[in-house]
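First structure 1, then structure 2: two forms of the same chain, each alone, as structure tokens.
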Structure 1
């Protein structure tokens, strides 16, 4: 039974959430007439839906471990124009292996820093993609991430403007990775990154989605990524969030897999005061194969939340998921991994593992693996562990001549590096390995 004080608190939270959403939408730009009437209608529908929703609070089940009230304290404004970019600083984050590259600064496309493509694959902006094939865009844009119940996805769609579009025609293999770089440079601004990747039948692509900061200030990133993987196509997707420790990052990423499609994803969260990734994988045909890895490496007062949903809707699907969290200081990690095997999805083979390492007594993890099976001929497993370093492992390394600090550092690095080592881009893998070393290595006494 709710007390009067409790009801007042809940009403206050709902009012705060509604007021915050209204402040975001107040800066909504005029809808364009543009080359595609359907796009204007889409944005208008998303705006209408956003006005009908409220952003979540801890009263919502899916958000009960993630308190967004620090985000709601500031009415972030969209940058009217990109700041003059620090070209040298941004170029340091370019991946040398990348072929096509799109750079967005404070939510705006930077032509001077980008290397678009129109050869084996189209790597460019929404405007260019509309000129090439508006009908194809209409068939995929906002068709995979549902904004009807998600206020953040609705606001992102209402502000849809500078969208990164990658299209790989059927049978093409893109030899070099495509890098999408989203850079924040200004304080108290909000950006709405949008990604649409279409990998047609039999095609192959490696896509790196990279979020970084050139400021230590607070800002807000509200992103949406949609990945359409056609029959017998393959997509390797690396997502790195390495933003300011004062930033807020909320994103939805959904991959739709057709028959015999393959999807391999590695997601690494290092930065942000509060981050949340809603990661969905939807099976649209038989024989799909997906590998989903995640790593949260946080400390201080950071909160990293990952909610994943793997939807097995057809027979002979295979999925493997490994999510790891390394939590130092007073950090808080959240993992909610739901796997659904629908009726008729026979011979599904699915496994999920949530493994969490706490480095201090103040570190905190909430983990909830979920497995729902409605078919009767499947092979499925899931499990979760939360703990500190194994004293026996530490003792073993110390018996080999390592100090206790060095032994703990080595074990922590090995725990985190399992996910990083699977990243298919060598330079990014090396950078992340160095970050793992830096963030997991305590100093020797007196060092």
Structure 2
């Protein structure tokens, strides 16, 4: 790998789309040899793919609305571990409900801020997980996400150094949510968060993935999350993306569901200048049940893009999807909800609803259902609405004494509440309630 000494002190390299990946790859030193041969091979394979792929542009159908050229201007370097992260600021974001907690600061595991668990269930880093059960990791890592055609997932995998690993053995119900915190503190750096959760037969877990920032500068987060939910197991998955308003956040999150597995997800996008979530749900057996909720809450010139893909491959699968966007300012929300019902997936019951609230005339949303139904005995419903606040609602509330701002805030909150209320962690719900009002609308004059 070519690295030039002079380059490493720069914030990044000026690039364009063509050379972006190469610069990203070149800007990093070679990884130290991994403890497991299979892992070294996996990284090498991903690196090879990354070198062969090109980054998407708006000419790619899947990226039509999401122009990444601002990202491609500079290839950021990976951050060194911060000398002394602001403990208090990070602890503020700790969920009081959480049991196990892993904190990564600028891509580096922070032992002092984390509360790993190493008993029955494992909540810890890659190194510890490899010591516990290398073969199990090998069976799951990069087996759920597909990096063959996805340059971002390929780069993430090529530079996979650490990973938040959560493993819940069969039949075990983890009472308290596990919180994974990925904190950005440095400007113009890139981080590659990686998550692997394995929920074994009949086990239950609530997992909160939380992306936040202590800087309001530009940086890039390129994440991959893989969730393996075994037979009759249940995973509640909350994902909150609250990056800085100048950041880029691109992530793939894939859940594989075995027979009778249950998956309930709420993904909330609040931060980032440009964010993209590829949310995949793969049905690997009969009788699975999934709830795939999304909420984008954006303003200013933010763009939040969610592409979901629910793959029904077996009979009797049920999926429910509610995606809501609240767009203020000149924000732009994108939702593409692909649902595939394969030939053998008879008696699939699937419903998708995309609901969008535009708070200004400049706010914009592109929403598209993408249903591909190859089985004949299925129930698939979908619908999309785009609207403004109803002036009759606003007047009704004002006629009861609420100011126009308070009325609009209350109605906006009510719109978002449907998703927020389903989040199974009370403190997070409370925080989000405040955010809905804070992210959108001017404050009361003088108050």
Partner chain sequence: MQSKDGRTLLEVRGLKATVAGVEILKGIDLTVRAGEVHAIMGPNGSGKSTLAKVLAGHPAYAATAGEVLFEGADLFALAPEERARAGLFLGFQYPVEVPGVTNASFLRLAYNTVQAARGKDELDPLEFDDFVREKMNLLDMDVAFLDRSVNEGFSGGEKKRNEVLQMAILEPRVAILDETDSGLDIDALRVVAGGVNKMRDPGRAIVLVTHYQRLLNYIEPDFVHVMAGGRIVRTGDKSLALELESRGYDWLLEGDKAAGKAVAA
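Rigid core here is just the name for the largest C-alpha set that superposes within 1.5 Å across the two forms. Predicted model only: the values in this text are computed from it and were never measured. Numbering follows the first chain given and starts at 1.
- Only structure 1 comes from the form predicted alone.
- With the core held fixed, residue 421 shows a CA shift below 2 Å between the two structures.
- With the core held fixed between the two structures, residue 68 has its Cα displaced by under 2 Å.
- For residue 407, the Cα deviation between the two structures after core superposition amounts to 2.7 Å.
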